[in-house]
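Take a look at this one chain, the form predicted on its own, written out in structure tokens.
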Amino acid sequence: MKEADYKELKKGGMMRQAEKGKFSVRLRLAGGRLTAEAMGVVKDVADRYGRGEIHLTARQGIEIPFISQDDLFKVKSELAAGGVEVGVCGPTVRTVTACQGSKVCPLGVLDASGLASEVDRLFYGKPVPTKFKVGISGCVNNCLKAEENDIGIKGGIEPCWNRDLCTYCGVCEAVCPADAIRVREEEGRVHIDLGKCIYCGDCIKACPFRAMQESRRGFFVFAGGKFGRFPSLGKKMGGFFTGDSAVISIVRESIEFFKSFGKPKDRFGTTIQRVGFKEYEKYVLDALKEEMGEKAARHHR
């Protein structure tokens, strides 16, 4: 087989192993979710064509190793017949990772799993200068490490204070992990520093009089993170965003920015560093404003 043929197979999620003639077949998953029925299909293929084992990847994916070269397309066909798609590799939008989100986790703010499925449906496998990864954490506990992704989403709750219900007991100030709340009974006010607030919602849960309330549920965006040989954390965009459609728009515009300004083998963070974070942010926000309107697009602190 020619080197060019290996590269084509790799793009289609079939990667050659160290052992000659053997390949590892990557599957398409979104948010690490797989039905029990699909697991049965994967098991059958691994038993029949591999060595009866699978590999769980670092990004919530599954690969079936030890597939012979001659069986690759039979494996792909049998997986497809069972409703399981083979994944991608190379310079494409990769597997979208996500926590279980608000439909499963009691701490969840965003339906991270549902968002991952939608981002996957719209963008998975799209060509970009090099690999592009999206990770979605449903709350500020950040189990999916938003800052490590090319685009990371982190859910949060913005608190607000109701003067009429407040007894100035000080519980909100005591539980705040970010030292963002000051109770001033003598002045008749409670000050929330949204610049320091991490949007965890602990003050809302702890308030015995419901004086600390939920203003908005939404998310923060981190751009340009990566691991590998030269790891770096993504930088947070200004503003607190709301709405599932905003997640989709921000991912879409980030991909367009990457396609417009990225060079071959550039990671997204490298492209942002070269062009400038402010320019990237303006590119995304201008498109968002045009699509959703100024008020809906961005909420400044």
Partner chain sequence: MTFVRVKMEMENVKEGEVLEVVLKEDEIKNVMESVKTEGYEVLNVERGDSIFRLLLAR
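Residue numbers count along the first chain shown, from 1. Small disclaimer: the values here were computed from a predicted structure and weren't measured.
There is also a form predicted together with its partner chain; it is not shown, and the following applies to it.
The stretch from 163-171, 213-221, 67-75, 121-129 that comes within 4.5 Å of its partner chain in the predicted complex, counting heavy atoms only, is 163-171.
Using a 4.5 angstroms limit between non-hydrogen atoms, F209 touches its partner chain in the predicted complex. At a distance threshold of 4.5 angstroms between non-hydrogen atoms, K205 is in contact with its partner chain in the predicted complex. V86 falls outside the set of residues with a heavy atom inside 4.5 Å of its partner chain in the predicted complex. Remark: V175 counts among the residues lining its partner chain in the predicted complex, judged by a heavy atom distance of 4.5 Å or less. Within 4.5 angstroms of its partner chain in the predicted complex, the stretch 257-286 places no non-hydrogen atom at all.
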